[in-house]
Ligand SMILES: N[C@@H](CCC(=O)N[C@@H](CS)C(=O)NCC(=O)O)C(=O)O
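We begin with a single chain expressed as structure tokens, specifically the form predicted alone.
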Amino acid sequence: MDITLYESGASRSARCRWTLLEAGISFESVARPNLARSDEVKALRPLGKLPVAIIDGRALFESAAICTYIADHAPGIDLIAKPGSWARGQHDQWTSFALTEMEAWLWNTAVNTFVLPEEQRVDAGFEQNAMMYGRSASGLNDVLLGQDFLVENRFTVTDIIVGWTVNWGRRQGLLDGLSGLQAYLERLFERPLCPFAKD
């Protein structure tokens, strides 16, 4: 595949970078200040957000979609459960869970902390966002107390997608007492190609 990844550091594009590295697929990186919401990116993705991947001349956006597509097409690398399998259903389940039941709450706080202009921000929901993230994180923690990884108990792209969201929660101080998630992140950090920010 001929791939160009429009990316930005520790943002969700780190999921795509890690997937490409694990898949052993070479790619061109486009990363520079003020790339997000630039006319160049808006021409590829309606909201002008990162990441965007140009794959064989066609644009694909949303990090989970990019990662899943790459994993499906990684030659000789078993990064994802086969389409139609029960394990693939679990991939879809955990990916959806991370994006809707965990990441959405973190994103709402971020939007109202530094994304929107100050006069448009609403901070009344921050405590509730942390509570809702914590509720979902606790459920995921219980699962990971009994297994190392989420699908087929082996490292897959599911862990790249979900792990990024868990790490964002850690960086916000929301994993206190969740030893299953903390150990899960340590397993991910130990992988040589992991680009997630640990600070």
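The first residue of the sequence shown is number 1, and the count goes up from there. Model, not experiment: these values are computed from the prediction.
FYI, the form predicted together with this ligand isn't displayed, but the following is about it.
**Q** Hey, in the model of the complex, is Q182 touching this ligand, heavy atoms inside 4.5 Å?
**A** It does not: once this ligand is placed as it appears in the model of the complex, Q182 has no heavy atom within 4.5 Å of it.
**Q** State yes or no: in the model of the complex, is some non-hydrogen atom of F126 no more than 4.5 angstroms from a non-hydrogen atom of this ligand?
**A** Output for F126 is no: heavy atoms all beyond 4.5 Å of this ligand.
**Q** Do E62 and this ligand share at least one heavy atom pair within 4.5 Å in the model of the complex?
**A** Yes, E62 is a contact residue.
**Q** Does W107 reach this ligand in the model of the complex, with heavy atoms at most 4.5 Å apart?
**A** Yes, contact at 4.5 Å.
**Q** Which among 128-136, 32-40, 150-158, 170-178 is in contact with this ligand in the model of the complex, heavy atoms within 4.5 angstroms?
**A** In short, 32-40.
**Q** If you apply a 4.5 angstroms heavy atom cut-off, which residues in 33-59 are near this ligand in the model of the complex?
**A** In sequence order, A36, R37, R45, K49, L50, P51 come within 4.5 Å of the partner.
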